[in-house]
Structures are given as structure tokens and as C-alpha cells.
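A lone chain, given as C-alpha cells: the form predicted alone.
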């Protein structure tokens, strides 16, 4: 292999650096970026990051310049004299000790100040939200408002929100990149996080994640945050605190889904779809498609979608939900006996845009398949396999009881009537 000249090496290196720089200059929407000022928390962290980057860049440039100068000036030359050994240089050693110490002080002061700022108690009057991590979904409770919901979090713009973080099982970690701040959910301990969102309605739907490995579906443990105007939050909260009611209206027309080879868990940028209810802002569906996941249905999980159009919500409530085992794990406010806290609260499930820990969109075909065999759709799901004749990948047995497609269609009609 021919040896490259210094000029060829420099040209190749500069070309590589230029291409790398250009790769970060796109204008694509980055829904999971943390480099913004959407909250006071993010603002404080970004200010600290910029200061550290500034001083780090200066140190890098000075050190590298001195290194290059030394290499060139004192390099070995043919016929040159032998280097003269020296014992030390007190002035030089003092200089390279004092300068880094001063730089560390300049870094330490804002760092400590930011730590105290972000770890302090929440201001008085903050909205309290209890965050409970489960394998693999999120439970949100508003104790002052009497609201219990799952996987979708609503907060008002301009008001501080204090999150009380606990876990029901293993370690989890709560993070909304666009809002800043990440806190672990630790067994037998309560952690706290607070921030004040300042984003206006219309640009206010953000992804949330678990960022602590917690098992086979760790990557599928997602949620959505909606920052809405105070009056809209009040309206949402009043509705969510009310008991579940439904009217026995015909189920909406549905479009059959096409299974694919595997569940990827990734959200595409396809246009969002809803199940008959609307977003807090119409812009969310068109400008923020990441809000509605487009996770494909795994191959091999079939359902007769024609039955969904004829689903009977009353029959689904009285037979499917009450007698099919759903009541053993799920609570629905206003339904006698439906008080279990094992699975997500379903009181107003039709007002949510996602199911399965933010992994799938909440529409009739997807919900039907989720009820039929959740463990086939989400690895390690703790939800039992409900569909009759379905193979359970955890128990490694075939369900000989459970619900048939018609009964599941009735349960879907009932759940999607709970708006």
C-alpha cells in the first residue's frame, strides 16, 4: 500500500472533518433534543453546558497549540545537538498548576450553583404529580385533582410541576428530553423532580422515556407529555376526574391493519391517526407526527376487523370486561368492582392517543390485537393472553379459554366509548 504524503493526509483529514460537520447541519425536526429552553430546568442546564463547552474549548485549543509548537520546534533533526537535560522549571510548574486551578474554579462555581438550583425543593403552589414506574408502562396520579391515568401526562404552561417518582418493581428512570431533567425511580425511595414548562400550545407534545434498563421491554416503555394552556388543562382535569360513562353508539368504521415481520418499536413520521377524539391542538397531528407511534403489528397475530364495526359496547362492558378477566387488573372510575391497580387505569382510555406504554397508537384494530395477545405485541408484557386459541410466548402454552374475536370486538367498542 503506497504511503500517503503529508499533504494527502491533511487533505483527507480535512475532508472527513468537513463531511462530519455538514452531517449536523440538517433542518430536520428533532423531537428528542434536550438543547432548548422549554423549561427553567433546561435553561439552567444548557447555560451550564455552554459555559463548560466554552472553557473546555479554550483549554483544548491552548493545549493543542502548545503541543504542536513543541513537536515542531523541538523535533529531532539530522545532525542536531543532543537535548540538554534540565532538573525542572519552577515558574513553568507553578503556571501550569495555577491556570488549571483557576479554570476549575470558574467551572465549579456555576456547576455547584446549578446543582443546588435543580435539586432544591419545588416552589409553593406547584402542581403535584405522582409518577409510578411499572414493567413496562407509566402511571400518573394527580392527588390534588383526583386523577389517575397512564402513559400520557398533561401539565399547564407557566405553572411549576413537581414530580414524585417511585417504582412498583425494578429500577426505572424518568426523562423528557425536551423538558430537561432525568431522575431515577428507585425501590423503597422517593425522588423528586420539578420544572416550569414555558412552551405554547401547538408545539407541546413531547416524548418521554425510561432511561434505566429495566427488562425485556425497556426500550418500549414510553410516554407522552402535553403542555397545554391553563384553561385547557383545567378542562382536561375536570373531565379526567369524572366517572367513566359511555353511550351505546355504533362503533366507528376501521381500517384493517397489515402485520409485518417484527415489532421494531420505532416511531415513524407517517401522518398521525386518531380514534374519533382530537388533540389539544390540531397542529399536533400534522406537525408533530412523533406523538402518535406507528409501531407495526407483528406477523402472525390476526383479527377479523370486520367484527369491530359491529362491536357492542354494552355487551363488552357486561360480558367481556366484567366476565373476561379484565376487571381483575384494571380500574374504571364509576364501575363497581373495577378498582384493581395491577394494570393501567382505563377510566378515560379513549381520550388517550397511545396504548402499551406509548408503543402503539390507540385505535380499534390495534387495541383488539393488544387485548387478544399483548405478549406477542410487546416482549415480556405482564398482561395475560386473552384471545382464545392464542399461543402465550411466556407461558409457552395455548389459551383454551379466553375471548373470541367477537367478544374482543365488544370490549374494544366499550373501551373506545370511554372518552
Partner chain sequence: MATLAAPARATAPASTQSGLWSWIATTDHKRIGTLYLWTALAFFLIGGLEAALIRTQLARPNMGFVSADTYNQLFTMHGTTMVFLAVMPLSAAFFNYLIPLQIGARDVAFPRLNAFSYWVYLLGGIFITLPILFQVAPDAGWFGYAPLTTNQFSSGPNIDFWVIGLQVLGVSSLAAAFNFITTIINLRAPGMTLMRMPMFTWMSFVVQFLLILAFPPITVALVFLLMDRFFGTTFYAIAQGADPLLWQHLFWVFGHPEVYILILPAFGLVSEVLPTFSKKPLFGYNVMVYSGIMIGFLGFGVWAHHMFAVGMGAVADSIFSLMTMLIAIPTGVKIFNWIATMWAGEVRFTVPMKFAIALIAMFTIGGISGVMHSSPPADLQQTDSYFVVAHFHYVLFGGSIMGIFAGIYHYYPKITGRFLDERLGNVHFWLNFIGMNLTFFPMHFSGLLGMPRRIYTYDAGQGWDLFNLLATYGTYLLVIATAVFVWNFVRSRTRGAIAGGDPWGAATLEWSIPSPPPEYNFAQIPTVTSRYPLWDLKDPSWHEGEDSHGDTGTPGPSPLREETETHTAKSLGIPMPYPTAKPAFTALGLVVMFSGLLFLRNDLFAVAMTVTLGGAAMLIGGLYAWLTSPLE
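Residue numbers count along the first chain shown, from 1. Note that the structure is predicted; figures quoted are calculated from it, not measured.
The form predicted together with its partner chain is left out here; the points below concern that form.
Q: Using a 4.5 Å heavy atom cut-off, which stretch among 105-113, 319-327, 332-340, 148-156 contacts its partner chain in the predicted complex?
A: Contact-bearing stretch, as computed: 105-113.
Q: Looking at 310, 245, 92, 299, which has any heavy atom no more than 4.5 Å from its partner chain in the predicted complex?
A: Filtering the options by heavy-atom distance leaves 92.
Q: Pick from 132, 214, 225, 161: which has a non-hydrogen atom within 4.5 Å of its partner chain in the predicted complex?
A: Contact check passes for 214.
Q: Heavy atoms within 4.5 Å of its partner chain in the predicted complex: does residue 34 have any?
A: Result yes; residue 34 sits at the interface with its partner chain in the predicted complex.
Q: So in the predicted complex, is its partner chain close enough to residue 197 to count as touching (4.5 Å, heavy atoms)?
A: Residue 197: no, not in contact with its partner chain in the predicted complex.
Q: With the cut-off set at 4.5 Å between non-hydrogen atoms, does residue 346 touch its partner chain in the predicted complex?
A: Answer no; every heavy atom of residue 346 is more than 4.5 Å from its partner chain in the predicted complex.
Q: Look up in the predicted complex whether residue 122 has a non-hydrogen atom within 4.5 angstroms of its partner chain, and give yes or no.
A: No, no contact at 4.5 Å.
Q: Taking heavy atoms and a 4.5 Å limit, what residues of 69-102 are near its partner chain in the predicted complex?
A: Heavy-atom contacts to its partner chain in the predicted complex: 69, 70, 71, 74, 75, 76, 81, 82, 83, 84, 85, 86, 87, 88, 89, 90, 92, 93, 96, 97, 100, 101.
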